[in-house]
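Quick heads-up: it's one chain on its own, the form predicted on its own, in structure tokens.
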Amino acid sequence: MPLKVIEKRDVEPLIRHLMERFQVVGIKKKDGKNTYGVIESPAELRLDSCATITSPKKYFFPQRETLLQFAVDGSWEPQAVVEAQPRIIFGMRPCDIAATWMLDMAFSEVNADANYLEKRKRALIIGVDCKEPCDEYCFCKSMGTLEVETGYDLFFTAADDTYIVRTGTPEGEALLGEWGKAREALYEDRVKLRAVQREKDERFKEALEFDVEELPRFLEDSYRSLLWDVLGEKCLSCGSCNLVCPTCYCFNVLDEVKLNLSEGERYRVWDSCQLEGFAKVATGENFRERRGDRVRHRFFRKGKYMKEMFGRFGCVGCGRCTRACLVHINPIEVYNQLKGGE
């Protein structure tokens, strides 16, 4: 796809143009912290910020989502509910783009999920490159998500007073074409882009002490390691890590009858493998009753199982789980300890 160039001063008019047709979501301030939210004014959008409390997955996979509505007495057929609207997520970072690809695979493989896929189909992703690490907790370079080549419709890289824009899909290219103020990139723009990418790569350091492709083997060899018991003693089983993770997609399904006792709905809510009741079955057995087993499952899921299922790691190195963890369990330290215990 061709490269385009947009002047930074033209970004605000571009956002206003997009807001006429789409709900625009981006990084904004809320209670003093960065989070993804609906943009009411172009001035709210913070393209220079990267670390956010939550990920943009909630716009494809809401925390609470109605799946169907039904009549208690069976007087009418249950009706599937699929809600989606045209939406642009402006400013998604490379790690979150990689995480969205993982969700695409999870919700389209085997049993396609109509609710997720309809939201995904009606959304466009405009990515924005990171200039420097979010903080000491991010390790996207080690996990291979510092750069992304696919998964976006447009991708902005800041270079002096311009944004050099990679077009990832025909829909993204058409979006710029309709707006009409993006010019074709010149040779000097391409040189500038390569220079910016080199400088960025130098700012990001490898956090892991080994090649990440070795991680599944380290995990397999550590299944009975005492490390999991040590982490289990620290872990509060609060599920905060799962709530902020951009690739967690476990959910629970519930039926609820309305107060009129004649209608009801089936809905799903996010669930967490770190909660004590997650692996409990109807007969009372709990397959992961011990906290250490639950912590181990989480790390195996991100560093081994998802890699085996989808060909990519379930951890994208965003660092959100470490920021949210009340007892400071840090995947960087855990992974490096696995290497040290080889």
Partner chain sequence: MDARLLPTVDLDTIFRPRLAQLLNVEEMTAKEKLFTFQLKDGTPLGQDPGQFVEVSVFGIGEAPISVSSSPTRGDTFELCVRAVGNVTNALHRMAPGATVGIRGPFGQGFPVEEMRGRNVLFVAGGLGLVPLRSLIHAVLDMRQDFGAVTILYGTKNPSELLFRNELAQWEARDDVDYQVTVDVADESWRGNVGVITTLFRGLPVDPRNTVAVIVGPPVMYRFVIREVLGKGLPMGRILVSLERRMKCGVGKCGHCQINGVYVCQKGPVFTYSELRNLQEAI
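Positions refer to the first chain, counted from 1. For clarity, every value in this text was computed on a predicted model and none was experimentally measured.
Form predicted in complex with its partner chain: not shown, discussed below.
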{"item": "Residue (of 51, 47, 68, 38) lying close to its partner chain in the model of the complex, criterion heavy atoms within 4.5 Å", "value": "68"}
{"item": "Among the candidates 189, 173, 118, 214, the residue which, in the model of the complex, approaches its partner chain to within 4.5 Å (heavy atoms)", "value": "118"}
{"item": "Answer range among 264 to 272, 128 to 136, 206 to 214, 193 to 201 for contact with its partner chain, defined in the model of the complex as heavy atoms within 4.5 Å", "value": "264 to 272"}
{"item": "All of 74, 114 and 220 with a heavy atom within 4.5 Å of its partner chain in the model of the complex", "value": "yes"}
{"item": "Residue 299, heavy atom within 4.5 angstroms of its partner chain in the model of the complex", "value": "no"}
{"item": "Heavy atom of residue 225 within 4.5 Å of its partner chain in the model of the complex", "value": "no"}
{"item": "Contact label in the model of the complex: residue 57 to its partner chain, heavy atom within 4.5 Å", "value": "no"}
{"item": "Heavy atom of residue 104 within 4.5 Å of its partner chain in the model of the complex", "value": "yes"}
{"item": "Partner contacts in the model of the complex for 258 to 284 (non-hydrogen atom within 4.5 angstroms of its partner chain)", "value": "266, 268, 271, 277, 278, 279, 280, 281, 282, 283"}
